[in-house]
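Just the one chain here, laid out as structure tokens, in the form predicted alone.
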């Protein structure tokens, strides 16, 4: 493995002993396997812009310049050599190569091919008619149009960047889990509740925890064969990281749903599902866009688990519908 790859991709925290333990002291947060290493298939051209938006906050300033250049002008950058792109962005050839690898491409040649494909898609497609920037004096109709466009972009970015190998591994773990704990605070807590309720409806023992003390005391009871899921857009919410660490230490399969695949929460995650990172504004805080992308990941998990466990999930769904049917019908006096 080259020094460039070592610098851009770090190994996940290793478990030791029977129940597993957290990473060694001083280790840096790291994506799990399948979340962007050079051994995986390169992202499709359509996923490039989403990758840039997701990973840019964790890049150095020089790498950000390279990423912004390729996302902003894919056609122009596709025509440049690695030296040309380094000169254009005022960086070095090594920085260009590291940026390409961080974005999921084995080398700069693969990134150029993706840029050419993205440029071709853009030339044959349509340009967006609105932007997501909302002003305080915007008419209601403009607010609706801008929010609708931004929600669509968030969903498209999340779908394009979602690692289906990691998703499949999480689905398999959930389908066979003895018990499932889900942690989330604030807006992410609402998403955690949504996932917990969905899994309960198909007969899985799942509980969402928004109280950090209760989350930790429940995590202590987890063991191998259980699953713990942490939902945090920032990847650095302490009240979510702590119970995931405890679950990790006790041998449970751990999952992070986050917009920061390099965030501290991933240090204790066996699997990482990355959500879209949209631009924040005064009238559109991160909690809005993150909730949209998190709910898409939750729906993917629920649907795929239902497919995998259909023989037991279908009767469980039918039973829950029947149990609640009288609440949806007019009562007779």
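Keep in mind the model is a prediction, meaning the values are calculated, not measured. Positions refer to the first chain, counted from 1.
Separately, the form predicted in complex with the DNA exists; it is not shown, and the next lines address it.
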Only one of 93-101, 235-243, 202-210, 135-143 sits within 4.5 Å of the DNA in the predicted complex by heavy atom distance, namely 93-101
Would residue 81 count as touching the DNA in the predicted complex under a 4.5 Å heavy atom rule? yes
In the predicted complex, is there a heavy atom of the DNA that lies within 4.5 Å of any heavy atom of residue 251, even though the partner is absent here? no
4.5 Å heavy atom contact, residue 303 and the DNA in the predicted complex: no
Evaluate residue 260 for contact with the DNA in the predicted complex, applying a 4.5 angstroms cut-off between non-hydrogen atoms, and reply yes or no. no
Residue within 4.5 Å of the DNA in the predicted complex by heavy atom, from 186, 107, 168, 76, is 107
